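What follows is a single chain, given as structure tokens, in the form predicted alone.
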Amino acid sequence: MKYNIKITKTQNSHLSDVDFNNIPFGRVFSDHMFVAEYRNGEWEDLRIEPFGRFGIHPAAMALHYGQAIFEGMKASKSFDGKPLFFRPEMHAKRFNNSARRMCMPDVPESLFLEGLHRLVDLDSDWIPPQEGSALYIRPYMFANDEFIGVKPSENYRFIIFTGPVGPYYPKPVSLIAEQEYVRCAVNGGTGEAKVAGNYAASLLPARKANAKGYDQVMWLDANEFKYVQEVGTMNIFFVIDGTVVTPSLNGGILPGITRDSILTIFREKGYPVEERNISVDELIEAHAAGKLQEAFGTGTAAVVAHVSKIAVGDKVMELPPVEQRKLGEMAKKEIDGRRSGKIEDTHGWIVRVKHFETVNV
């Protein structure tokens, strides 16, 4: 491979402590992490080391001015036990799109992918074998200058760590349209980037939604609070009178890789698909006419999550039971089938994790 990555293997693996039949999402972490430092305009000190805490300066600029981005990916195992990625190059490209928006340096795609392959190959035993489970992968980068002053940092740290996870949403989710708060996802904002601050801005509305008995917020546009954008953790799809409809990418919506994959699958199978503005009034009218047949979210963590009900103000729209949801279920089976190798990959989306002979340092 292209890069000289120093590998230090852990002497204290805790893999044997993990119950793969009972994995809380985001609480269990694998043995190793990939780390790179950006200094003097170059990525250097490339290494894989035991997962653990690291020190940063109290004036590290990410803590004060928010230059921090991330990605969410998964590795799974095929039915014959081979570790696989799903569209890893698309995650590398989106990561760098986020970096550019936040005035951060690109991570060369070749470095991103080599670090990813080497790390997951080393910790491939952490990939859960159960259907619906996976190895979640978190690449992220943050500003690391030791400086107080509003300007782009000159030093950054890039890290990839992993952890086994079960299903993100084990049951259908309920949504409430947010009619008071907005994220940073206005035109010209940072909604199409995976920026840490976008998610920080969602926490208070999400807490208020939870207090009202709803699982997540359905974000609306920041100008009129009229048009659907996305859910707090997912892109959103609706099936209206047999047509698949999802909000168009307008700079305020994250360009989801699962979203793109599902749109491709629907179109190939001949289903009518529309990417356009969707108003909450249209949803209410479609529901009243019995034409709002399905709603589901899509994303790396959730894959496909059915929506049980949507509240818009005092109006609560209950959706049909899951067993009646032909398209959402088909989408989930298609993505999961490709990730397991049970459905032929005709697009080159599935990439086998490369195997390396690792020498302990």
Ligand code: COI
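These numbers were taken from a predicted model, which means no experiment stands behind them. In this text, residue numbers run from 1 along the sequence as written.
Although it is not shown, the form predicted in complex with 2-OXO-4-methylpentanoic acid (COI) is what the next lines describe.
The three marked residues, 20, 130 and 163, fail to reach 2-OXO-4-methylpentanoic acid (COI) in the predicted bound form, with no heavy atom of any inside 4.5 Å. For the chain shown alone, residue 327 is not a contact residue for 2-OXO-4-methylpentanoic acid (COI) in the predicted bound form, no non-hydrogen atom being within 4.5 angstroms. Shown alone here, residue 43 lies farther than 4.5 Å from 2-OXO-4-methylpentanoic acid (COI) in the predicted bound form, counting heavy atoms only.
When contacts are judged by a 4.5 Å heavy atom cut-off, residue 72 counts as touching 2-OXO-4-methylpentanoic acid (COI) in the predicted bound form. Using a 4.5 Å cutoff between non-hydrogen atoms, residue 118 does not count as a contact of 2-OXO-4-methylpentanoic acid (COI) in the predicted bound form. For the candidate set 87, 157, 77, 194, a heavy atom within 4.5 Å of 2-OXO-4-methylpentanoic acid (COI) in the predicted bound form is found for exactly one residue, namely 194. Of the residues 93, 101, 208, 138, just one reaches 2-OXO-4-methylpentanoic acid (COI) in the predicted bound form with a heavy atom at 4.5 Å or closer; this is 138.
Just one listed stretch, out of 33-41, 314-322, 297-305, 53-61, contacts 2-OXO-4-methylpentanoic acid (COI) in the predicted bound form at the 4.5 Å heavy atom level, and that stretch is 297-305. The single residue of 145-180 lying near 2-OXO-4-methylpentanoic acid (COI) in the predicted bound form is 168, the criterion being any heavy atom within 4.5 Å.
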